[in-house]
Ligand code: URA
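Let's start with one chain on its own, the form predicted alone, as structure tokens.
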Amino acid sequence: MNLDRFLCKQANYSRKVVLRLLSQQQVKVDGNIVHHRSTPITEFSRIEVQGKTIQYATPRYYMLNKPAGILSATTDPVHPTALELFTGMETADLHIAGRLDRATTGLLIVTNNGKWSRKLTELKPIGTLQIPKVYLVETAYALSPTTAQRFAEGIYFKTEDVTTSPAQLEVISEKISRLTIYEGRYHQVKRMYAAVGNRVVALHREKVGKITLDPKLKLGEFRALTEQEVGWV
């Protein structure tokens, strides 16, 4: 958004007043006096008018080790939600970047930076740089010898008329595997295993891109992301 539009819309200044304030050097963005009404700003720009702060917000980024039974939502009238685990904190501006099913545990990323989270979660065309998501999966039945090949070839979802991107399967034991996918379609992991005649009984997300769930975090605990974890996106 441009500065003049923000001041008119959010601070209720007329365009004439905005131009006068700019000409009088009464407007600062991130500590610097600005003169142009078209100065670009973001939701995290610090904006001061005549010495008064109009907007000041800090981007926040967290990882949560989500327990089962917790809804990946900001509010819900029935089920406990992920944001309710952030006790003692202001959460009104936070949202979830990449949801998990209620029964799924593991890495959940929470932020107030919409532009950053969109980069993390948007489906990208095949052939472009994809963000891997890694899950530890327990199935009801022993894994078929052909499962890894089927996942590498892609699984066709009739509902969306789409074939999943090639995925990598690491077999850990008869019923335990680690799956790396590059999308985030509706119930994708469960549907992939169902397509090869199996059923997921436990699902745990370990990693998204270069953000790995901190092994020190117990279920229900969270911590702020490091600069390195935020910066790779």
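Sequential numbering from 1, following the sequence displayed. Remember, predicted model here, so these are calculated numbers, not experimental data.
If you look for the form predicted together with this ligand, you will not find it shown, but the lines that follow are about it.
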Practice task
State yes or no: in the predicted bound form, is some non-hydrogen atom of Thr104 no more than 4.5 angstroms from a non-hydrogen atom of this ligand?
Solution key: yes
Exercise for the section: Please run the contact check for Leu169 against this ligand in the predicted bound form: heavy atoms, 4.5 angstroms, yes or no? Expected result: no
Handout entry: Contact label in the predicted bound form: His187 to this ligand, heavy atom within 4.5 Å
Key = yes
Practice task
Mark Val134 yes when one of its heavy atoms lies within 4.5 Å of a heavy atom of this ligand in the predicted bound form, and no otherwise.
Solution key: no
Practice task
Pick the stretch from 170 to 178, 48 to 56, 35 to 43, 188 to 196 whose residues have a heavy atom within 4.5 Å of this ligand in the predicted bound form.
Solution key: 188 to 196
Completion exercise
The one option of Leu85, Ala97, Leu100, Leu143 with any heavy atom within 4.5 Å of this ligand in the predicted bound form is Leu100
Exercise for the section: Quick one: from Leu64, Ile70, Val208, Leu203, grab the residue that has a heavy atom within 4.5 Å of this ligand in the predicted bound form. Expected result: Leu203
